[in-house]
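The form predicted alone is given below as one chain in structure tokens.
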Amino acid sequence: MKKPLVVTVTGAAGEIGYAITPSIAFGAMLGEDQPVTLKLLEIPAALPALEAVKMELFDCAFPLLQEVVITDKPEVAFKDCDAALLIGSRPRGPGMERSDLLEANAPIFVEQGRAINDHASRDVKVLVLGNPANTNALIASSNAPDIPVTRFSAMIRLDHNRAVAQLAYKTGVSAAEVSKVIIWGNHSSTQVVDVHYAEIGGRPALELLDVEWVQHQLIPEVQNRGARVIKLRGKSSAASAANAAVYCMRDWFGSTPPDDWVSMALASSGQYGADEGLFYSMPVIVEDGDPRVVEGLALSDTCHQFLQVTLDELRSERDAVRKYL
């Protein structure tokens, strides 16, 4: 049997944490032959609920699950972890601006970044889900100077999956037949949904789609999907967010499918005009756990204009949290 990998999940008693931990324990994220130890982090007030999560995981009798550790101490949660899912964060409340959310969550990711730096495996892969995810990833990575910035990512896969699902539904195919979709920029309503390189059943997507539908239905639907879920459900996306995180980490620990790419928010090295160091979503190919940005794609003038909007938002967020970097 393989050596167990340690997976840390923060905010593990919340809805996304509750949805994702069984998938990890079942092997959906790291493989059906990979044993795992789960370390679950919560605030002290949520420890009783976290104990119940541990009980349920135990009662599932997952063959791959070696141990479940619950704690409110980051140094315990991140000790020797190989994968970290940073879900726990303060949600946006009534009347809160995005800047208020940044200020409220920044100290959380400072503390967790430092704990990762001091206690995690040097090969750890860290996926930030807590919003604003791109800038929280910047904060966490900045406070983990001994961990390569390439080991951090902000979750954009949910937006990528949403776009794939919309294209599949529109054209009457399975999601497996949709490839090369791109989400550019920030995990926010400024993100850029790009299907110019997308393929459906091996054919260029734009041969099968009405450009008006793409511009006026697909793009706003993906950009505002999360808000619609909240309006209808009264809560943020949980099952789909958990599933997207599993997909992202599965590809990151392995490889992306042949002749396809995925959208990942990585620290930019200046690709596509993004400032170096900003966590910026781009098309990425992963080979044996090593993500590589697909470079050299030609973009339209309109796309460049939209990219500037999302880039300006990320710059504004970075400037708002400079004291935490």
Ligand code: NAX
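The first residue of the sequence shown is number 1, and the count goes up from there. On a predicted model such as this, the values are computed, not experimentally measured, just so you know.
Omitted here: the form predicted in complex with this ligand. The next part is about that form.
With the partner omitted here, the stretch from 170-178, 116-124, 211-219, 230-238 that lies within 4.5 Å of this ligand by heavy atoms in the predicted complex is 230-238. For the options L102, A144, I182, I108, the one in contact with this ligand in the predicted complex, meaning a heavy atom within 4.5 Å, is I108. Put simply, of A46, I285, V53, A274 only one has a heavy atom within 4.5 Å of this ligand in the predicted complex, and it is A46. Taking the partner from the other structure, this ligand in the predicted complex has a heavy atom within 4.5 Å of a heavy atom of I16. Using a 4.5 Å cutoff between non-hydrogen atoms, Q112 counts as a contact of this ligand in the predicted complex. When this ligand is considered in the predicted complex, S89 lines it closely, a heavy atom lying within 4.5 Å.
Interface residue remark: A137 is not counted as part of the site for this ligand in the predicted complex, having no heavy atom within 4.5 Å. Within 4.5 Å of this ligand in the predicted complex, a heavy atom is found for not a single one of G27, L64 and V246. Contact annotation for 27-41: a single residue, L41, has a non-hydrogen atom within 4.5 angstroms of this ligand in the predicted complex.
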